[in-house]
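As structure tokens, one chain now follows by itself in the form predicted on its own.
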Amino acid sequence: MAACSVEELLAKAEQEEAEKLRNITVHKDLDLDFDVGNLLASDKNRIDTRSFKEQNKEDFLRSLARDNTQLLINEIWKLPSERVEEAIVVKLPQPTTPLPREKPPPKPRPPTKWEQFAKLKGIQKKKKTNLVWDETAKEWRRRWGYKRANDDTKDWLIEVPETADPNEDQFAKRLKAKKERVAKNEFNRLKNIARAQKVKVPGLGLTPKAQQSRDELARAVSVAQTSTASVGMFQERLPKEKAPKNTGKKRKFQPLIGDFSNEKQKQLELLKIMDSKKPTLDVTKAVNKQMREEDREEAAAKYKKGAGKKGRKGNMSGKGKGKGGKGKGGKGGKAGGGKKRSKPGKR
């Protein structure tokens, strides 16, 4: 019984070993072309059409993919391997098959102002350790971030400097200084991004420079004038100040992708107008225009008539004045300076 059990165990072990070898051993008439760098395997063997038609297509393709993948994995295991943190890692060789790209390779990031200055001055970047010694807590802590070492924002008491105002809140002053530093760093980061993308920074005021140009000053004045509740409508101007530029209405264009039915209707109306021999007449618009013309002519005629009456009345008021400057009883005779004309037929 012991001998039989040993033979059975040996046979079972041989069968399991053969099963494992059968699972990892794949026979192909033609060897596959491997590009291990790209994890690519090209199978040039001819497909048996009879077995493809007799078997289920999905099962046949799944079996073919499994065999080719097993051959690729066998090829990978031929490379030198090493163990890294309880995992076996294989370093792949350089790929040999050029793969097409949808987009061109990204360009290197342009250097920032500090990187340009460091390169000019020969400043080498030194890598700092993440942990530093905290004298207050007597332990190693992070250099930056949450629970960092030597964090002055957690102080419950701040000594007031001799030159500072004794009534000034030092905690609020320190918090304000930190917010200004954060805002300055963010502003510099956005400027670096704009410089890398070659985008002009919008003029929202004067940037800190040694000397401002004429255009920058004009743009800053224009922005300050329009920063009111009325958008600069009631803002007073200086005696020789020019009107701001580019303050007109902006043209509005329809979106390129939107309501296709509306666009179709507009195009059909335009084609209908172009195809018609007689131009379309808007009766309401024409009647309104004619009525406005008539009202304008009538108002002009009334104005001329009133002006003529005023002129004659003014001339009549000048009659009766003699050469002496008086109307009646002046020197030299009666009013008017002449004889009184009699009625016809009487002398």
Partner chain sequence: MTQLDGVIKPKTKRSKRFLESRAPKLTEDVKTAMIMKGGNTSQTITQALKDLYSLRKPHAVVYKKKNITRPFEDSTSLEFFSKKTDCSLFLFGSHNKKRPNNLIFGRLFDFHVLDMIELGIEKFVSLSEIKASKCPEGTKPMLVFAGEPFDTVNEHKRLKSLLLEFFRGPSVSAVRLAGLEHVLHFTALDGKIFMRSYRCLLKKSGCRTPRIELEEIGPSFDFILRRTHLASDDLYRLAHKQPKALKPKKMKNTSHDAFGTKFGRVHMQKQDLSKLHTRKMKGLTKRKRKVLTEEQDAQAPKVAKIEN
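Positions refer to the first chain, counted from 1. Predicted model only: the values in this text are computed from it and were never measured.
Although not depicted, the form predicted in complex with its partner chain is the subject of the following passage.
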From the list I88, A118, V160, L270, which entry has a heavy atom within 4.5 Å of its partner chain in the predicted complex?
I88
I need to confirm a contact call. Of I76, M233, A172, V221, which residue comes within 4.5 Å of its partner chain in the predicted complex, counting heavy atoms only?
I76
In the predicted complex, which of 143 to 151, 120 to 128, 185 to 193, 162 to 170 comes within 4.5 Å of its partner chain (heavy atoms)?
185 to 193
Might Q212 be said to contact its partner chain in the predicted complex, defining contact as any heavy atom within 4.5 Å?
no
Can any non-hydrogen atom of R46 be found within 4.5 angstroms of its partner chain in the predicted complex?
yes
Residue-level contact is defined here as any heavy atom of the residue lying within 4.5 Å of its partner chain in the predicted complex; does N23 satisfy this criterion?
yes
Hey, in the predicted complex, does L99 get a heavy atom within 4.5 angstroms of its partner chain?
yes
